[in-house]
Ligand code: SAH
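Only one chain comes next, encoded as structure tokens, the form predicted alone.
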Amino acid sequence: MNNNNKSFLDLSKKEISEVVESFGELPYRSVQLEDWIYKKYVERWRDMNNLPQKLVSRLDSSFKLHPLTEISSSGQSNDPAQKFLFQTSKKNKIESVLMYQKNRTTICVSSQSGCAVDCKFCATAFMGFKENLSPGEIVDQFLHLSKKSKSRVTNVVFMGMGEPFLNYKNVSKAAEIMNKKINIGARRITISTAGIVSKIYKMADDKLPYKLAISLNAPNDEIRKKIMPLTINNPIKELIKSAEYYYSKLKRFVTFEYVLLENINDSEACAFELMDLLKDIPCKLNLIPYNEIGGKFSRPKSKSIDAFINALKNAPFTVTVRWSKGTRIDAGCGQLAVKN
């Protein structure tokens, strides 16, 4: 058997059992393999020192253990954020970010190489769409960064390259592996979407236990269409309905992300309109001052940011401000892009 183009991380539990059996080993070897991969973050087959050498050799000649190849990294281990560049099995590039904040260590994973959504202010959009990542390639980002992290990883956010809901099946499977095999609590896993309405309904119907974040970024369709073209097929009215449906099914607050762009969506009028839009939804609003990428968009002046926040002081929902980590190394929100 030679499956050298297929990663072991992409095998199902049933397939792993079949491999172990075909190699003449007892079922408990599957448990040992998962322990090495998902608990000890082993890098090579030969490091699994409690397995028979014959089994290790056969696995090594039959399967890649890790589907991703690390190319480079930015930042130091004592920085608040580090960024890592990987190559996929299909030779495309992705980036992942490791972030530290007090007692929380978070990994931001990519779900696609590039992105097809084309948000005008996001660096990833300039790459175009390359490929959907497999569940193993998504999980492998977690394994690589966990091995390098100076503290135990507590949170995972699907906020890297790509639109997770355009790779729904693989993202769901990867999140399940992180939750059930790596023991990251479901409420510590966040899936972010630019607003694919049909998939928000599906996430609710599938009762996925993870947190949902929606990149809203405008209080009305007129503004949103200019910066997020997917609004044409996913208008705000329908997006809000899907968020309400999500809450009605799962009784979990939705987090709305709102990137503040100078002279686009940062006026006090926008803040009041936004408050009116969200007032009846159990939610949290996360304001993100724009991380500049050298294009036509800019971060608002501090005075404008303060005025926007102040306009929301009577909002019936929680409002927080997220100053992105890693902007110095282009690892902040919206800055991930492979530069040739």
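Everything numeric in this text was worked out from a predicted model, so none of it was measured. Residues carry their position along the shown sequence, with the first being 1.
As for the form predicted in complex with the named molecule, it is not shown, yet the points below apply to it.
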(request) Only one of 62, 30, 291, 304 comes within 4.5 Å of the named molecule in the model of the complex by heavy atoms, so just point that one out. (result) 291
(request) Have a look at 246, 158, 84, 210 for me and say which one sits with a heavy atom within 4.5 Å of the named molecule in the model of the complex. (result) 158
(message) Based on heavy atom distances of 4.5 Å or less, which listed stretch (96 to 104, 181 to 189, 158 to 166, 70 to 78) is in contact with the named molecule in the model of the complex?
(response) 158 to 166
(message) Taking a heavy atom within 4.5 Å as contact, would all three of 122, 217 and 257 count as contacting the named molecule in the model of the complex?
(response) yes
(message) I'd like to check something about residue 194: if you look in the model of the complex, is any of its heavy atoms closer than or equal to 4.5 Å to a heavy atom of the named molecule?
(response) yes
